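The chain below stands alone and is given in structure tokens; this is the form predicted alone.
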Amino acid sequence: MASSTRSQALLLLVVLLPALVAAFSEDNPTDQRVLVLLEDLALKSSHSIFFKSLSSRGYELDFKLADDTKLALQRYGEYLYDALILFAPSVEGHLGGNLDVAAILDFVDSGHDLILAADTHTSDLIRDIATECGVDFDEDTEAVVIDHINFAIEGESDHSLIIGDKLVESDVILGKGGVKDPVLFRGIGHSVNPASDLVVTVLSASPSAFSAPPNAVLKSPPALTGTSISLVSLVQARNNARILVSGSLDLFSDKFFKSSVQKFGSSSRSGSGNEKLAVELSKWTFHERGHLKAVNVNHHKVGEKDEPSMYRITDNLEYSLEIYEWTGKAWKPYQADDVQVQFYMMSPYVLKTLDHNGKGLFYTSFQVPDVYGVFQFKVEYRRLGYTSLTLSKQIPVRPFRHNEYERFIKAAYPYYGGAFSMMTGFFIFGIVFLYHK
């Protein structure tokens, strides 16, 4: 019996070992194993170009129906996938197996990535997942984004096939050069909190757009109008997990990828930018771009190499670290002029911008303030499109010992002079008082 149990355990290890080796790691942060949940297997062929682009970049796609009763994200406490693509906007209640809103949020909280696509018929389940991620779809379940000015003439008379060209300006997110061609969009809009630094709108509607039921007679202004309507948004959680939320499932379809676009009022046609946008956003979401890591964090006194256990007030020290950026295949030195370090105790006593040598090494030097206590070296680096770096290292700072002060302090020379002049004056006064008649 014991021999059979050991054999089963060995067999399980052999089966899971390749998956564990290929999993997300700091040395290779790109996702490898992706679970694709579809509400209909026909989506596998209607969105084949998008899926083939992922497969060609080395991703292992596991296609399953969203209501499959055998669905599972983890087994024996280990996640089976690095990322999830949820192309099942109308699935009601809960997903198959033990998947629900809480399970998907736990998946993201564990550092895994998510691509979520909604549609004109989006269930409460998908809306709840998006809301928990910081994206709020229009509360009107019948509303779609309509634009009577910036629409494609190939669409229906309700002008719900709109053209989006208001894209975020970021080479990290959209790739070098960005997306030049117009993007076709048919779906629902959402709003994001403009004060949040975790959510960024990638594609927004034009000023003439609004969110409402098609062909409806509006008796009051729509809740979402103009550029406040987000069509595609990205979320980067505090644990650097990434989420792509699109209000249109058709945005990823072969039909939209291959369509030529003619805007209302224009006589010219151009190819759609949907394929470029979808591919570049998937690269960002799956950490092929914009992923940073910091290594070899060092600090020491000037002229020394070893890290001390504590510093003394007014010591001169040097601080350095190395930052690298993942290119999808290898790490390359990161270059930026806005990386800062704080020497922090309740508030920053020193704030220095780090110099760099162009090879990934960032460094600076400064004098320890004339204040003793427990300080921290803190680096909190956040830049659009990049994973955040949060580094903290605690170090105590002590005052001078009794035998470390200078014998004579220059700043006290006036007091020394006053004391000796007082003694000299008293001596002269005594002589004069006693011996002068």
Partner chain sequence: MTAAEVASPSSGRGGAFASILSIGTLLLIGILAFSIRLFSVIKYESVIHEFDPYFNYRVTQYLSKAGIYEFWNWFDDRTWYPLGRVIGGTVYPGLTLTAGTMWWVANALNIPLSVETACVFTAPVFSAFAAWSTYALTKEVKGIGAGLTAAALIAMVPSYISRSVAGSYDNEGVAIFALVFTFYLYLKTLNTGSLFYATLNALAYFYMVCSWGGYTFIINLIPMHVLLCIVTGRYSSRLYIAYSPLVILGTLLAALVPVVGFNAVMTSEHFASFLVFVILQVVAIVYYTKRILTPKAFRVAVAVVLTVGTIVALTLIAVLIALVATSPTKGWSGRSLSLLDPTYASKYIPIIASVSEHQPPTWPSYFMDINILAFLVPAGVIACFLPLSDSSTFVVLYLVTAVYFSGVMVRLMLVFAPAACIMSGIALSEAFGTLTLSVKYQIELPDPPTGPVAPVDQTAAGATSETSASATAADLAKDKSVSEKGKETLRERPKRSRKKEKESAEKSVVKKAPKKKASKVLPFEASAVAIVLLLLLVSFYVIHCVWAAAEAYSAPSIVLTSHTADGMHVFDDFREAYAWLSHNTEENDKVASWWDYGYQTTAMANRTVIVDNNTWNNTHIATVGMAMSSPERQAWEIYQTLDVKYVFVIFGGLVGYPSDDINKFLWMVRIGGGVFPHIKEADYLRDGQYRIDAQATPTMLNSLMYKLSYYRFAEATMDGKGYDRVRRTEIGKKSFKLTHFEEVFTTHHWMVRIYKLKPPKNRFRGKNKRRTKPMITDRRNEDPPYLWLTTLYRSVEVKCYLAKVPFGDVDGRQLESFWRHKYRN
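Numbering follows the first chain given and starts at 1. Keep in mind it's a predicted model, so treat the numbers as computed, not measured.
Unshown form predicted together with its partner chain; subsequent notes refer to it.
Asker: Counting only non-hydrogen atoms and a 4.5 Å threshold, tell me whether Val200, Lys219 and Asp338 all contact its partner chain in the model of the complex.
Answerer: The answer is no; none of Val200, Lys219 and Asp338 reaches its partner chain.
Asker: With its partner chain left out of view, which of Thr131, Ser170, Ser90, Gln262 would have a heavy atom within 4.5 Å of it in the model of the complex?
Answerer: Of the candidates Thr131, Ser170, Ser90, Gln262, Thr131 is the one lying within 4.5 Å of its partner chain in the model of the complex.
Asker: From the list Val295, Met346, Leu351, Ala330, which entry has a heavy atom within 4.5 Å of its partner chain in the model of the complex?
Answerer: Contact check passes for Met346.
Asker: Where does its partner chain sit in the model of the complex: which of 207-215, 189-197, 274-282, 351-359, heavy atoms within 4.5 Å?
Answerer: Of the options given, it is 189-197.
Asker: Gly58: heavy atom within 4.5 Å of its partner chain in the model of the complex?
Answerer: Contact check for Gly58: no, nothing within 4.5 Å of its partner chain in the model of the complex.
Asker: Examine Ser266 and determine whether its closest non-hydrogen atom to its partner chain in the model of the complex is within 4.5 angstroms.
Answerer: No, Ser266 is distant from the partner.
Asker: Could you tell me if Arg238 has a non-hydrogen atom within 4.5 Å of its partner chain in the model of the complex?
Answerer: Yes, Arg238 lies within 4.5 Å of its partner chain in the model of the complex.
Asker: Please tell me whether any heavy atom belonging to Leu38 falls inside 4.5 Å of a heavy atom of its partner chain, as the geometry stands in the model of the complex.
Answerer: Close contact is absent here: in the model of the complex, Leu38 is far from its partner chain, nothing within 4.5 Å, heavy atoms only.
Asker: Determine the residues of 99-131 with a heavy atom within 4.5 Å of its partner chain in the model of the complex and present them in sequence order; the list may be empty.
Answerer: Contacting residues: Val101, Leu105, Val108, Asp109, Asp124, Arg127, Asp128, Thr131.
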